Structure formats: C-alpha cells, structure tokens
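Taking the form predicted alone, here's one chain by itself in structure tokens.
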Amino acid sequence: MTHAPVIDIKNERRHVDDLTPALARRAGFTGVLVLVVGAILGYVFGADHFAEQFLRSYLASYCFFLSLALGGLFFVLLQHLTYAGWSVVVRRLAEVVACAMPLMAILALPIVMAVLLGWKYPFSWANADVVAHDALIQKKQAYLNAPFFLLRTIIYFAVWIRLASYFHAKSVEQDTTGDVELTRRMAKVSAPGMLLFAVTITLFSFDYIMSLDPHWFSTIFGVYFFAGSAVGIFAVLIIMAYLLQREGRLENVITTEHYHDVGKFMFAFIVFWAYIAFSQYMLIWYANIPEETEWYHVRQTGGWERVSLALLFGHFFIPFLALISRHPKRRKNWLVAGAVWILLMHWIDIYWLTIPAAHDGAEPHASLHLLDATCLIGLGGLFVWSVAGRLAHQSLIPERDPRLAESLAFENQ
C-alpha cells in the first residue's frame, strides 16, 4: 500500500560520516586482541587439549557469524526475486552484512588447514588413523576427504562472494546513475542466484557441521541451518536499524511499518525453524535407527538436555508468544529486545550443533570454556569491523532505486 505521504530523503542523514569508521577500528582491534589473548590464555591453562578446544570453539563462532552473512545474502536475493518494494530502505543494510563474505573466507583458513594437515579435530574423518579403524567413514571417503573438502569450500565462497559483491555493486552504482535497467538485471540474476545459494548453504552445513559426527546424517539438516540463518539476519536488521536511528540516521526513512514487516519475517522464520527442528527430531525418533539417534542422545545427556530445553522454550515458545500479536512488532523497543534475545538463541543453537560432537569418543559435558567466549568476541569484533567499515563508503539506502518511493510510503494493513 502507498497511501502515506512520501518522505523527502534529502532531509535525512543518509550517511554514517565518522560514526562507523571509528567503530570499525575499535571493533577490529578488539577482535584481534581478544583472539590473541584468548589463545595465549587457553594454551597456558590447557596446553594438552588447546588445539582441539580452540578449533571447536572457533568453529562454533565462525559458523554463527557466517550464518548471519548468509542470511544477509538470502534477504537480498529474496527481495530482488520477488520484486519487493517495501524493503528497499532496509536492503542496503543486508547488502553490507552479506559483503562480509571475503572476511569469512579468510577466517575459514584455520579450519581448512586443520583438515589439510590431517588433524582429528574438529573433523575426525580428516585423520588417517581414525579412518583406518572406521569402516563407515571409509565408505564415505569419496566425499569426506581433504582435497574435495578444500575444493568445495573454494566453490562455496566463490559463489557467495560473487553474488554478494554483484548485488551490492549494482545497487551502489544505481545510487549514481539511477539506471532502472540495473534493477531488471539484479532481478534476473536473483533466480539462479537463489538456486546456487540453496545448494551451497546446504552442502556447507553438511561439510562444516554435520560431518563433525561423520556417522550421522540428516537430509533436512541444510534446511535447519538455513532457517537459523534467516532468523539471525532479521534480528540483525532490526538491531542495525535501531542503532542507526539512535545515532540520528534514517530517523524518518525506516518507519514503524518497516519494523513491523521485518518483525513478521523474523516471527515466520522462528516458526519455520521450529517446524524443521521438530520434523527432523520426530522422524529420527520414530525410525529409532542407532546411527541417527546417537546424535540426539549426546544432546540429551551430560547437561546438554538443559540446553536442548532452553532452545525449545527460548528459540520457539517464548518468542512465539511474545511476537504472535501485531502490536509487539510495532513497538520498536519491544521488537529490538526480542531481536537481541533471538540472536542469543541463534548462537546457542549453533553452539548446540557444533560443540557436543564426540571428543575422542567421549561424550562431552555442557560447559562454557574460556575459548568459547574469546572466539565469539574476537570473531564478532572482526565481523563488526567488516560491516561497519563498508557502511562508511555509501549511502545507507539505495537512493535511486525505482521502488524507493513505494518503500518510503509503505503501510501495513
């Protein structure tokens, strides 16, 4: 609907000026410092298992921040694929989050190197001694091997970086030229782009998370990881918009109507995540096949059952009840609080997926390690550095997008 008066963007502060460059420098410095100090302390107080613990903690935080970048790419693809007009004023925020992909490609190096060096952590299938004594992994060696893992990783990031940079570059170019043809091109690319995105995010989740337990498999796991990524990006967009408006940017451009729609998306994918989680659990419980049930058994013992219950209530029931009504999605402070909560639950979800994988055949107990915190803060600082740094170099909205007027005047019914 377009009944509201159109806002004149010339009266809006559409650039971050010196706001995010300073934030980017502080975040980047903090990220590197915390990673280095955390690694030193982790080694000093646990040298015997330092490498294993560091890689597991690193992988959990890495998958969390990569999921946010993937969620940003999904949002951008979806808006162009559906010719959406309402989302134009928030789309640039998703574009810059997706453009953290080059950084995430670099940050994948510690994990890739561990595989290429044949360490048995975080992926036991990469170790020749483990494979030699495991008949099931031997049968999966055509797929689970270091060279093919490296090749797939290169392909994933080549696709994601190309898609993210293409849509961002064309969108920024349009700010200068106003060329409507750029919108048509992005719409055409979005369809094959979405297909490539679906395939690559699915295979990535198999490679980097599901293969932590190479005996376990679930054909729906990629959808589960995608659902969490989508929930994460909608929470991030709400938080980013709120923080920018608190600093005097886009105060009238992003309205209650936009918060309402992003909130609806977040709510919808919370329900979708719960549906996929339940479907996966129910089918594995009903079939009762040992190779499948063991994955859940680990997460229902050693304290992990409490984490599982926290996800059930914190990732679904509580936000479902809190956001099901129209009114909370139109109250900015309430919606932002919900977004922060959901982002925390998303991190717990990724932690729950990655950390309980078998440690040398032993079932791990649920407990936070120093390296869990330092890796989260460290990688988070670098992620903020990437996003904030890129925000400094263009307008915060696609200024000459042909659907901008529709977005500025958008109203929910």
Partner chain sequence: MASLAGEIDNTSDDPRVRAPLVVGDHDLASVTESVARVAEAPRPPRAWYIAFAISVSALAILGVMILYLIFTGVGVWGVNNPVGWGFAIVNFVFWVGIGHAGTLISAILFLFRQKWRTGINRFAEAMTIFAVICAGMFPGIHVGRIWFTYWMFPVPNQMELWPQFRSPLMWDLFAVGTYFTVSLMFWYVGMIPDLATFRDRAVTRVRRMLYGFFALGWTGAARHWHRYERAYLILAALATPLVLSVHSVVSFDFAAAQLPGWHTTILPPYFVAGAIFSGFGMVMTLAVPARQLFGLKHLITMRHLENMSKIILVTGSMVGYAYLTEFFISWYSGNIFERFAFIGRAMGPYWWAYWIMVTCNVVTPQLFWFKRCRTSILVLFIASIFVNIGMWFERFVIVISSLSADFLPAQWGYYTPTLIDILTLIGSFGLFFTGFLLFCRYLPMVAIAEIKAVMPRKHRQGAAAAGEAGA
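These numbers come from a predicted model, not from an experiment. Positions refer to the first chain, counted from 1.
Absent from the display: the form predicted together with the partner chain. The rest refers to it.
Looking at K140, you'd find a heavy atom of it within 4.5 angstroms of the partner chain in the predicted complex. The partner chain is not drawn, but in the predicted complex it has no heavy atom within 4.5 Å of S124.
Interface membership of Y83, defined by any non-hydrogen atom within 4.5 Å of the partner chain in the predicted complex, is confirmed.
Although the partner is absent from this view, T153 stays clear of the partner chain in the predicted complex, with no non-hydrogen atom inside 4.5 angstroms. Of the residues given (E294, E247, D261, D134), D261 alone sits with a heavy atom within 4.5 Å of the partner chain in the predicted complex. Here is the short version: of T219, T177, S325, N252, the single residue with a heavy atom within 4.5 Å of the partner chain in the predicted complex is T219.
Contact with the partner chain in the predicted complex, defined as any heavy atom within 4.5 Å, is confined among 273-281, 157-165, 336-344, 299-307 to 273-281. Residues V180, T183, R184, A191, P192, L195, A198, T202 are the members of 173-202 with a non-hydrogen atom no more than 4.5 angstroms from the partner chain in the predicted complex.
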